[in-house]
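So this first bit is one chain, no partners, the form predicted alone, shown in structure tokens.
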Amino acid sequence: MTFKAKTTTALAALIALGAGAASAQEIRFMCYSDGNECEVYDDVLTRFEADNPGVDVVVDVVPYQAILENLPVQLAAGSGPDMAKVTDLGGLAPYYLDLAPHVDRDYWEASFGDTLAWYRGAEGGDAINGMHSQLTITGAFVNATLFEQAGVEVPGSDATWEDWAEASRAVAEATQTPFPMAIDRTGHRFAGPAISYGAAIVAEDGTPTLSDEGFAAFTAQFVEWNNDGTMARDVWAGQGGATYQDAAQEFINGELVFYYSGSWQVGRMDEQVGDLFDWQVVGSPCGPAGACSGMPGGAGIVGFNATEHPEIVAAVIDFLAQEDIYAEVTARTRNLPAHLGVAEAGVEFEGASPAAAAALSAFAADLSDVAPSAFRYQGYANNRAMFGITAERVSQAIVGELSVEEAVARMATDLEAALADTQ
């Protein structure tokens, strides 16, 4: 295990104070998994515990919905865990523990670069608030077997959303597949196509919008596709409010031709699809604005400032951030690395099938096409509210409660109200 001297000294001193205590210094780590992440963290942290007698890191595995909905409530009430794996990177920033006093800043800045800013929220500054554990990018999975059976050529790398819609409909019709296309029900997944249609979402000066011409154009197209059978309608129309819904199971069951989700689904596809059919990743289609952008994102591990053991929490996260440990976790969980040293050295993904290895390589290659506005949106402190507004109002347009024009207008007023609330 590699610790910087400052961290080791602080941790040793704290444990020494508790020497002779009846119980260990317990750290609660709230964790959700896209695949096997929590299991792997639980395993590697046994080494931390072995090297630091008196520390017990308890990994509490919870559903993703608990991270989105329950954790913010707990933190506001002062009853949250010591640390957690989170995705609302900027939105939870007021609760984060600044790791900087306990870690080697130069190492962290060299290793994690621009992703450190995603954890600083609206206040910015230079705090080290979290370790980006999974770098993700949105993109599409396609059922290559269905394309082959239908005799339809898989569109090329410069294909547009319209090209994919046409091809997916043709495949579904020829093979009697229930659903041509689906996109996860979340404003995050909606954003990449919207940017490719010309949406600014977060301008260079930091101004957010959900109602410009590009955003309205993709909203209109998406609503049309949901109502003409191109999209699996119940993914968005079957839920209310900001509730998240994916279509992974429909794809796994062979009921879906084209599924727009992201790189975190690779492990699930590899494990559950198996040899039922051939699948591949094709990245993000292009839009009329000339962009072919997905959305970056992912998850990170953070400590919370209400913890009674800040030095230990910082030491645990610093342990996970060390290059050898980070590389091992990345290989075992089959995620894209945000650690620049690990990315540069390359990762041999453990147990990945040829299809999974090819998929991860395809997602990594697609990062270069991500628009600057997509990176700004991912780091924007109020993006969680914007994701929810998008899901709710677009769904209302799909089911006919609002026209597209009314939905876009409501998104503008909703965003204005959300920004006022934050102030």
Partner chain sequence: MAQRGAGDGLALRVIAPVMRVVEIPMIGLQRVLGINRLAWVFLLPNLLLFGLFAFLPVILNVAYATTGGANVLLEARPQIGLDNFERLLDCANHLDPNTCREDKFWRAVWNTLWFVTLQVGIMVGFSLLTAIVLNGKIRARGFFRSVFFFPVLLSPVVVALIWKWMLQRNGVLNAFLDWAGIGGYNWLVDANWAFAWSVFLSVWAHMGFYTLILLAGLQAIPRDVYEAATMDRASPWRVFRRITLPLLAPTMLVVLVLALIKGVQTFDEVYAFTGGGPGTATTFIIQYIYEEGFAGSPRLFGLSAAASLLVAAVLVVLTLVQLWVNRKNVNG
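Remember, it's a predicted structure, so these values are computed and weren't measured experimentally. Residue numbers count along the first chain shown, from 1.
One more form of this protein exists, namely the form predicted in complex with the partner chain; it is left out here, but the text below deals with it.
Shown alone here, Arg233 lies within 4.5 Å of the partner chain in the predicted bound form, counting heavy atoms only.
Residue contact with the partner chain in the predicted bound form: Val399 places a heavy atom within 4.5 Å of it. In the predicted bound form, the partner chain stays beyond 4.5 Å of every heavy atom belonging to Gly206. Using a 4.5 Å cutoff between non-hydrogen atoms, Asp51 does not count as a contact of the partner chain in the predicted bound form. Though the partner chain is absent from this view, in the predicted bound form it lies within 4.5 Å of a heavy atom of just one residue from Pro101, Gly198, Pro72, Gly254, which is Pro72.
Note on contacts: among Glu166, Glu109, Glu250, Glu328, the single residue with a heavy atom within 4.5 Å of the partner chain in the predicted bound form is Glu250.
Three-residue candidate spot Arg334, Ala362 and Ser368; no residue lies within 4.5 angstroms of the partner chain in the predicted bound form by any non-hydrogen atom. Picking from 349-357, 157-165, 239-247, 336-344 the stretch near the partner chain in the predicted bound form, with a 4.5 Å limit on heavy atoms, gives 239-247. Heavy atoms closer than or equal to 4.5 Å to the partner chain in the predicted bound form belong, across 345-383, to no residue whatsoever.
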